[in-house]
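Next up: a single chain in structure tokens, the form predicted on its own.
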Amino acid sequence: MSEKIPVAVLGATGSVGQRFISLLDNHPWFEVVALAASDRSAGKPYTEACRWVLTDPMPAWAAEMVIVQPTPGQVEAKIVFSALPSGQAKDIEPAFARAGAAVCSNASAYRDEPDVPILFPEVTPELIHVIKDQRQKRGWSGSITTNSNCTSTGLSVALKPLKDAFGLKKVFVVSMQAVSGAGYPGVSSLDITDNVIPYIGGEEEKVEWEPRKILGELVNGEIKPADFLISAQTNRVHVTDGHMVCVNLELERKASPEEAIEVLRNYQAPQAARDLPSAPNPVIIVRDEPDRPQPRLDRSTGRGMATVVGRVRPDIILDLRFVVLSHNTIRGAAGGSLFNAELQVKENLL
């Protein structure tokens, strides 16, 4: 690419905003031209307004960049990465879409809209073309695409090849979600230390419908969710990064663990997504060890963009059971939005 595309980060001082900045450092296609945050941060150098929480160092170019307010008049960029809270995203993201920007959002504000894709380039890249209908319907010259909830991420990737090969009827999942999924400062240390919290507000509902939309199909300009059932229980555990999901499922056509492992290992992303800068290769790593995957050992697989599956075995009530791990702030958040933006560039949809 002869010239890098100007991009901006909204909600830049938060933990996901920081992950955006870290991943955008030296990105081959994108150059950050604006960092936006709340009124209390606007006008300050980024290093002064932000308490950096990542282990990777703050990029030098970001440190002295002056924060602006998250409005189209203050931010001029072709692509806008949104790490805004959902309440703010509801009004701010459409303003950027009306102004012509491609908004790649980590917020949940528009995930349930039938003309807004929950986009996974390595799973269903064709859903990106719903934004043509989105623009026509809403009168936007830009667009909004979203990530899924970070718990739905690895689950959806692992379900895709099994759905294609055998069909899905019922999926039961139990999550063990890292504390970084709650943002910063997140969960109090007095609550999470030596503890598991068996409730995350709104999380189970998201996990029960988002993968069905992700694995759906485009029909008459809207996304029709896939036809299978998900039952979810979600838990917060004392792990820094990496969401683990235990999965039990019933297939339309019976399959052995060996057949499922072969399908998972052989899965390849559709051609449209294979050569993008953020694309994991392979998409899915299957571990054979009886005690893997583990967050501390496996969350950074494929630069944090790969999905790791292990313990594939028969289920005595349904058909199969296994464990899925994905990095919640990389593939499940900022990295996923970068991946979505790259697909839009390749498909000439800016």
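Counting begins at 1, following the sequence as shown. It should be emphasised that the depicted structure is a prediction, and the values quoted were computed from it without experimental measurement.
If you look for the form predicted together with another copy of the chain, you will not find it shown, but the lines that follow are about it.
Chemist: Is it true that 29, 32 and 345 each have at least one non-hydrogen atom within 4.5 Å of another copy of the chain in the model of the complex?
Modeler: No, none of 29, 32 and 345 comes within 4.5 Å of another copy of the chain in the model of the complex.
Chemist: Only one of 139, 73, 87, 198 comes within 4.5 Å of another copy of the chain in the model of the complex by heavy atoms, so just point that one out.
Modeler: Flagged contact: 198.
Chemist: Can you work out which of 260, 119, 144, 244 has a heavy atom no more than 4.5 Å from another copy of the chain in the model of the complex?
Modeler: Here the answer is residue option 244.
Chemist: Out of 64-72, 34-42, 277-285, 315-323, where are the residues with a heavy atom within 4.5 Å of another copy of the chain in the model of the complex?
Modeler: In short, 315-323.
Chemist: Flag residue 192 as yes or no: does it have a non-hydrogen atom within 4.5 angstroms of any non-hydrogen atom of another copy of the chain in the model of the complex?
Modeler: Yes - in the model of the complex, heavy atoms of residue 192 and another copy of the chain come within 4.5 Å of each other.
Chemist: Taking 4.5 angstroms as the cut-off for heavy atoms, does residue 185 touch another copy of the chain in the model of the complex?
Modeler: Within the cut-off, so yes.
Chemist: Would you please decide whether residue 48 lies within 4.5 angstroms of another copy of the chain in the model of the complex, comparing each non-hydrogen atom pair?
Modeler: Residue 48: no, not in contact with another copy of the chain in the model of the complex.
Chemist: Would you please decide whether residue 106 lies within 4.5 angstroms of another copy of the chain in the model of the complex, comparing each non-hydrogen atom pair?
Modeler: So residue 106 does not count as contacting another copy of the chain.
Chemist: Within 4.5 Å of another copy of the chain in the model of the complex, counting any non-hydrogen atom, which residues from 158-184 show up?
Modeler: Stretch hits, in order: 170, 171, 172, 174, 176, 179, 180, 183, 184.
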